[in-house]
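First comes one chain, alone, set out as structure tokens in the form predicted on its own.
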Amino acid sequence: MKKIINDPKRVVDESVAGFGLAHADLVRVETDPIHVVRADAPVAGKVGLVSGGGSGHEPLHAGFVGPGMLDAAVPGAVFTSPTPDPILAATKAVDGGKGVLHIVKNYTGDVLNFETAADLAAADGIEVRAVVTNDDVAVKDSLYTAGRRGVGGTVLVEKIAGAAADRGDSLDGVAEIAERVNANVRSMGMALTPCIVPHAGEPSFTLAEDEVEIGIGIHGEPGRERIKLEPADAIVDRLLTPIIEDLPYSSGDRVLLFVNGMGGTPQIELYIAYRRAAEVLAEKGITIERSLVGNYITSLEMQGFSLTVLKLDDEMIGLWDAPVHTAALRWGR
């Protein structure tokens, strides 16, 4: 294992500390218990948004803390849910008097720990709602979940719900738009290589030189099938077809197309994937209204990518376009 680290047990603490120093204009880092909050939190009269989960998926979630998106992020150990204590601390830190929305990826540990934190916050008089993202069409259940996994669609939920909170929507209103995004977004990913969790020191799974995993999870969970390496267009077709069929998407739909790198994939390859996905959608009469391409929800150094398609309406487009200023996503400010 070759990684630019010191002590494998200190990777998250040292990385979060560095993130806080690099983006002190946007966030502050609390260490006991560890969580990241926007620099001006709590914002009075605004619904607070909190998300989090295991580290190793950067920039998710701390990279999306700031005006127009999340108010706090709670990092767990690599690929491990944070415990209720830091989630509760983050919830209290962003409570501006209008309640707090938890955005939770559908992994068993995350769901249980966020539920416990919400119960504790309610006992302290904070109203909490939760939206669980489950956009992955690859498999129904996995090593980490009951039901579908929350993957790339989480980024889109956080952005659009964050904009709704910024414009002053109520807790019910912000939760409703977050649920609407989750209901209309589908994703699927693939991997050329595994990743290496620092404290494990060995690959999370093995692939032959000429193999790829289709439907991979962001923790290295197995997917639908293992196949021989194909050209990029064929791989995109394998991912996009089940996405389109699942909702389903149809001619006349307006969508956001999100091509996400898994951490080790260069932009030149991501745009090759985007080109093919755009061709397929156009052939089906589906119009791409908005796009996002890059590494936004990763799996350490894994080579691979995921496709996410969100069916848009006018309100979602307006909220997507609304100003955002975070370490990893910013426009309009």
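These numbers were taken from a predicted model, which means no experiment stands behind them. Quick note: we count residues from 1 along the sequence shown, nothing fancier.
Same protein, other form: the form predicted in complex with another copy of the chain, not shown, and the subject of what follows.
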Is it the case that Thr31, Arg180 and Asn184 all touch another copy of the chain in the predicted complex, with a non-hydrogen atom of each within 4.5 angstroms?
-> no
In the predicted complex, does Ser55 have a heavy atom within 4.5 Å of another copy of the chain?
-> yes
Report yes if any heavy atom of Gly285 sits within 4.5 Å of a heavy atom of another copy of the chain in the predicted complex; otherwise report no.
-> no
4.5 Å heavy atom contact, Asp124 to another copy of the chain in the predicted complex | no
Is there a non-hydrogen atom of Glu269 within 4.5 angstroms of a non-hydrogen atom of another copy of the chain in the predicted complex?
-> yes
Within 4.5 Å of another copy of the chain in the predicted complex: residues from 298-315 (heavy atom criterion) | Leu300, Glu301, Gln303, Phe305
